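Taking the form predicted on its own, here's one chain by itself in structure tokens.
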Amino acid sequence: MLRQLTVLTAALALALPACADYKAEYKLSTVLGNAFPWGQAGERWVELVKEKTQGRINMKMYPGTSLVGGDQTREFTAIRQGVIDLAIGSSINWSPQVKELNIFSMPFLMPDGKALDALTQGEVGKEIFKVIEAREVVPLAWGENGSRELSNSKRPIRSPADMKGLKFRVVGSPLFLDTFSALGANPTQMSWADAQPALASGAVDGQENPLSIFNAAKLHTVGQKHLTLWHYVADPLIFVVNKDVWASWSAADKEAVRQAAIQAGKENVEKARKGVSAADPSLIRQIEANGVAVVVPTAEERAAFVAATRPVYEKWAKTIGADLVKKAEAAVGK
């Protein structure tokens, strides 16, 4: 009988997750807080992980990339170093360290959400996950910040000529600097924390961001009265875990965290796309009700933006990798 109990105890020990080395709290980094779909995705991941691991893994969200002093471009390096345990990060912010992520910032590659899905959910997405894993970060799921649209305080923008001389806040990506320079604008790199005061003071004239951010941040109150829906790039989010943290968890808890990320990511994509389509323009109408003039470029007008940025596209195709760019173009074409 004693022998049977000993065997049973040993079997239970193997079946249950070994939590002795688990941290009391795991730090989750996001750029935006819970007023935005991005931050809401973080909160949802925290909730789902706690539920699916029966409380063995407890995460706390740190918005504003506060774990790296607000410097969005340092986030990926901090994950690798273990300063950050988990993150829901932007492909744009991590592109300086992972050049392949620039594929999502190639000007006018993806005209809509279906095109973005063709990349993230297909061979391109799988290849990028392998690249991230090679950087010793574990990718689990895709989310979405949204299609990035253009706003400014000066005038309606329907052509590259309308952008000439205007100062636009852009994220810390050389590709964005090249794109806006090619359009005749004056791009100014700054963090999101610095962007709103700069818009309010007139230090910069405009910015580009998904409509969910435009609305939740109340950018109409800082002079952004002109909005152009040009769908020039999209901004997927990536749910990741530090490799050492990942290795410390049981197989069952790893799968629980992965499934929680996948679920939170799907819910996030739905929120990011709500109200911004022809079938459901409710968010666009809300923005217009705040006194913002919305421009939707014609096919011919959009073609002029595409032509102006084509040299940038061709330059960055070499940096990203011609094979990956061809795969992306083929996926979007289908």
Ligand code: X2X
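Fair warning: this is a prediction, and the values are worked out from it, not measured in the lab. Note that residue numbering follows the sequence shown and begins at 1.
What comes next is about the form predicted together with the ligand, which does not appear here.
*Asks:* Heavy atom within 4.5 Å of the ligand in the predicted bound form: which of Ile92, Ala234, Ile84, Val124?
*Replies:* Selected option: Ile92.
*Asks:* Would you mind picking the one in Asn242, Gln224, Asn145, Asn102 that has a heavy atom within 4.5 Å of the ligand in the predicted bound form?
*Replies:* For this set of options, the contacting one is Asn145.
*Asks:* Thinking of Ile57, Arg80 and Trp249 as the candidate spot, does the ligand come within 4.5 Å of a heavy atom on all of them in the predicted bound form?
*Replies:* Checked in the predicted bound form: no contact with the ligand for any of the three.
*Asks:* Heavy atom to heavy atom, is Thr179 within 4.5 Å of the ligand in the predicted bound form?
*Replies:* Output for Thr179 is no: heavy atoms all beyond 4.5 Å of the ligand.
*Asks:* Though only this chain appears here, would Val31 touch the ligand in the predicted bound form if you measure heavy atom gaps against 4.5 Å?
*Replies:* Val31: yes, in contact with the ligand in the predicted bound form.
*Asks:* Answer yes if any heavy atom of Trp192 is within 4.5 Å of a heavy atom of the ligand in the predicted bound form; otherwise answer no.
*Replies:* Answer yes; at least one heavy atom of Trp192 falls within 4.5 Å of the ligand in the predicted bound form.
*Asks:* May I ask you to state whether Trp38 is within 4.5 Å of the ligand in the predicted bound form, using heavy atom distances?
*Replies:* Flag for Trp38 set to yes.
*Asks:* Of 102-110, 135-143, 151-159, 206-214, which is the one stretch near the ligand in the predicted bound form, taking non-hydrogen atoms within 4.5 angstroms as near?
*Replies:* In the other structure, the partner sits against 206-214.
*Asks:* If we check the ligand in the predicted bound form, which of the residues in 42-74 reach within 4.5 angstroms of it by a non-hydrogen atom?
*Replies:* Heavy-atom contacts to the ligand in the predicted bound form: only Gln72.
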